[in-house]
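As structure tokens, one chain now follows by itself in the form predicted on its own.
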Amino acid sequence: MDKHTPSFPGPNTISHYELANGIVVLVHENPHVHSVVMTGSIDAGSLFDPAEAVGLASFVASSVMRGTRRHDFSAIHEMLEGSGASLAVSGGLHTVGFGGKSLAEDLSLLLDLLAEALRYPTLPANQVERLRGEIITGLKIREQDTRFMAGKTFRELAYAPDHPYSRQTRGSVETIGQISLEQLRNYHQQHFGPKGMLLVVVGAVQAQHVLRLVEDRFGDWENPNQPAPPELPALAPFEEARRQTVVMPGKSQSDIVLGFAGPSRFADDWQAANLANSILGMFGMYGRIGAEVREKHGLAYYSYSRVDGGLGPGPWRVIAGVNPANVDQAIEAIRAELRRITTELVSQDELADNKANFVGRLPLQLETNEGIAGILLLMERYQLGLDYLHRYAELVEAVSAEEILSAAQCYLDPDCYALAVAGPEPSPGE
């Protein structure tokens, strides 16, 4: 690993700037390819959604490229298609994200259109209504999906109703149907601004040239009314298991989501929790859970675990798709693996194999401009330092089996959990 480390992006190859209005720009020059990738975010996610208008932030984010002061919907997409470029804006829980790709000589076009979309969208009524119909149709389709409904119900169980993590970023059929054009425009006016904006550019560009382009398009952007992200409500620990079943007639499969509120990416034990999750339900064919629940006992079509580790205490959960007749058996097998990882040290072989996987896959993630840009964005968002990639192997190798056990015990409990099951009518006695 050490021999590869100097080629990783680091303090000597990542240019880091902060504009006077607070926008942070990172540039990594990669002259070996002719393309350029741009990615970033602004602090305007669904954390700000009022309870009666859940999905508002996501709706706005999806609307901003439907027309701007200079170009209508057709013109925007004709310009992108004419140069073989792509650009998209989407809403998330904490942020509104954006990303695009083009030939290096078309970076100015990408930045022009991004600036128009973020700063000067017109949110034309006809396009907004068309988009509303598309969103509602998508939501209705998702409501017929057992995996989606299990995940939605899990969040409602795992987080209090006043916690933003309990809600769906895209909203519901009811809330999207009631959001007015005035609400969309007011949300944009209030929440879109430069404070907290991150912009990463990677490709066949020169850093100083990129900075001039960004400064020209965003340097005068101000929004004195832009609010700071709200504080997340405190989490109450689970005192017992919480279970809910969503009956979906006509389905042939049941989906299970069993989990907890997990660590944020800022938590001191994040890396230990991430390795614990890999051992539990990710490594190889989905770790211990895949080996026991799916392979050994044949109780699931798929089974794995996931720890989100975002800006707040996102979920740490086990997800499985099972034959409805196997729901209770699968749940007990999952709980057995949770009990094992919270009571026993992982073996040195397991630990070594998972560390090797973490370290070995990093160079593969950095083979493309997209991969580099995504990692640089995470490095800045979570304040990991420009030398993070150079330190990564050392950080992973430093995690001990005792720290993995401690992290698992901190967040996982085989007896107190949130459990959602979505599928056909339960069999008698379930």
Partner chain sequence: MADQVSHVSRHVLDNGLTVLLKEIHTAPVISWWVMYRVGSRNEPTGQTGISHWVEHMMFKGTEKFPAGVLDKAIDREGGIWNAQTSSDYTAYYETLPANKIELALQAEADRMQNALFDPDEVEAERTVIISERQGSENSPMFWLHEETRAAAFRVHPYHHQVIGDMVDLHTMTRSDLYQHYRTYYVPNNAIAVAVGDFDTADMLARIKELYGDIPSGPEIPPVTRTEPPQMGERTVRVEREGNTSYIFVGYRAPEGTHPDWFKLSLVDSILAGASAPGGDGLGNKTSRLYKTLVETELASSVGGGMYPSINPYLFSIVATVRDGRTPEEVQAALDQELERVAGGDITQDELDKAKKQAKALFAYGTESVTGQAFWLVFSENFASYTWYEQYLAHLEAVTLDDVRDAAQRYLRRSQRTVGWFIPVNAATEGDMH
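Numbering follows the first chain given and starts at 1. Here the structure is a predicted model, which is why all the values come from computation and not from measurement.
Another form exists, predicted together with its partner chain; not displayed. Remarks below refer to it.
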At 4.5 Å between heavy atoms, only one of the stretches 184-192, 71-79, 260-268, 305-313 reaches its partner chain in the model of the complex; which one is it?
71-79
So in the model of the complex, does R243 come within 4.5 Å of its partner chain, heavy atom to heavy atom?
yes
May I ask you to state whether A300 is within 4.5 Å of its partner chain in the model of the complex, using heavy atom distances?
yes
State yes or no: in the model of the complex, is some non-hydrogen atom of W221 no more than 4.5 angstroms from a non-hydrogen atom of its partner chain?
no
Its partner chain contact in the model of the complex: L364, any heavy atom under 4.5 Å
yes
Consider the chain as shown here, without its partner, and state which of Q348, N225, T343, T137 has a heavy atom within 4.5 Å of its partner chain in the model of the complex.
T137
Residue (of P249, P230, P161, P237) lying close to its partner chain in the model of the complex, criterion heavy atoms within 4.5 Å
P249
May I ask you to list the residues of 82-102 that have any heavy atom within 4.5 angstroms of its partner chain in the model of the complex, in sequence order?
G82, S83, G84, A85, S86, K101, S102
